[in-house]
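Next comes just one chain, in structure tokens: the form predicted on its own.
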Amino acid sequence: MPIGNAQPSVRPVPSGRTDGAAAEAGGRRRGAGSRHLRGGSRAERLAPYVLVAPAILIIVVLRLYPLLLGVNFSFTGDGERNGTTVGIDNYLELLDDSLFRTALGNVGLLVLLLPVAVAIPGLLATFIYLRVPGHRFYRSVYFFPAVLSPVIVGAIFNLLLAFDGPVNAVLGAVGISPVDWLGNPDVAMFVVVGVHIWATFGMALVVFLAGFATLDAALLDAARVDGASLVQVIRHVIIPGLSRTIAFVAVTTMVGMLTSMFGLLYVMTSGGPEGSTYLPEYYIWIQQGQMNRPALASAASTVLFVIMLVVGLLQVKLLRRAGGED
């Protein structure tokens, strides 16, 4: 045969060897991929704990540890018994103190007035959300008191509510006898709480407006089409839709009432008249700052913490039940 027509011989490669190499390479790739996925999933599981670790550390060091120290200190004595263990003597003394019992009674009054403190910013936020005329102006006006110092607010209302002040002058002009707003033990606490609500509801208003941003507008439109009144819309659409927001505002408002009224009490009444405006935080300051009884103040602080914890948990539970949540 001519040499030019000769065909080069090709030796076939066994198919088993090629398939085995390909399978081995694919196995290596799959193994590397599975290890990569396992490593990625492990990192994803650990990422939330790494992110919250600094916050948890700060809470433990600056909150939890001092709290435990305060609870431990409440079982020690004051004065001649300073540093010695006295058991529950401080707590028994609190129960025998009429001022502390008055402070606890005023805590009950705050709980009764809490729905008013939550309803006011809630209703105002509803009107702003529904865009009543002038809603932009009202939003600014309602929030303005929240930026004022409690000392300034207290001084302003001391002038307004003085026995010969503008409020009594207006009442006298319409034939109503003047009221001793800050000197009557039956009235003073209501006045201080009312001033506190006026000065702080701006923050709750902002929270409610943020909650309205998550509300389904289609439900409001459907309610309007069905001819629902404003009261029916609030009861059947807005309140169920904002149950979580209401729970948050209720808890934060109650905590603010229990822990943020010292400035108003100090400026407006100084705990008077006749101790009628005492709250636990003011009692704690008196015992620590004036009576030099830090152990008794620690016991009162522990009682205040337990009250806030119990009231907060009960509020959340009741509001969740009202909102139809488990």
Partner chain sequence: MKQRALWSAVLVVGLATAGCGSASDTSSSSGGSTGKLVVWDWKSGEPSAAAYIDKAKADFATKHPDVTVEFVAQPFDQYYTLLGAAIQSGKGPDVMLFNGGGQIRDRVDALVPLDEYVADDKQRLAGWDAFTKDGKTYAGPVTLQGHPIYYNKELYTKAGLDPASPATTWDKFLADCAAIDKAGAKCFALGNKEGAGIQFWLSALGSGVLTAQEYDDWIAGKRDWNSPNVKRVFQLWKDAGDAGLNNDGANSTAMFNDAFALFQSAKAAHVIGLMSDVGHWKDFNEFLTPDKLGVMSAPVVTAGTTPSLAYDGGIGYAVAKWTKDPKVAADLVRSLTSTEALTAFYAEAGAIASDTTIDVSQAGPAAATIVGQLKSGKPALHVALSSKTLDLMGRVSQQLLSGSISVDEAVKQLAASDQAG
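Numbering follows the first chain given and starts at 1. A quick note: this is a predicted structure, and the numbers were derived from the prediction, not measured. By rigid core we mean the largest C-alpha set that fits within 1.5 Å across both forms.
Just so it is clear, the following notes concern the form predicted together with the partner chain, a form of the same protein that is not shown.
- You can rule out all but one of 179-187, 142-150, 229-237, 125-133: in the model of the complex, only 179-187 has residues with a heavy atom within 4.5 Å of the partner chain.
- Although the partner is absent here, Gly87 lies well away from the partner chain in the model of the complex, with no heavy atom inside 4.5 Å.
- The partner chain is not drawn, but in the model of the complex it has a heavy atom within 4.5 Å of Glu274.
- Residue contact with the partner chain in the model of the complex: Val50 places no heavy atom within 4.5 Å of it.
- The partner chain in the model of the complex is approached by Gly79, whose closest heavy atom lies within 4.5 angstroms of it.
- With the partner omitted here, the residue from Leu68, Leu62, Ala55, Leu46 that has a non-hydrogen atom within 4.5 angstroms of the partner chain in the model of the complex is Leu62.
- Contacts between stretch 193-216 and the partner chain, counted in the model of the complex as any heavy atom lying within 4.5 Å, involve no residue at all.
- Once the rigid core is used as the reference frame, the Cα position of Pro294 differs between the shown form and the other one by 2 Å or more.
- Relative to the superposed core, Gly70 shifts its CA atom by 2 Å or more between the shown form and the other one.
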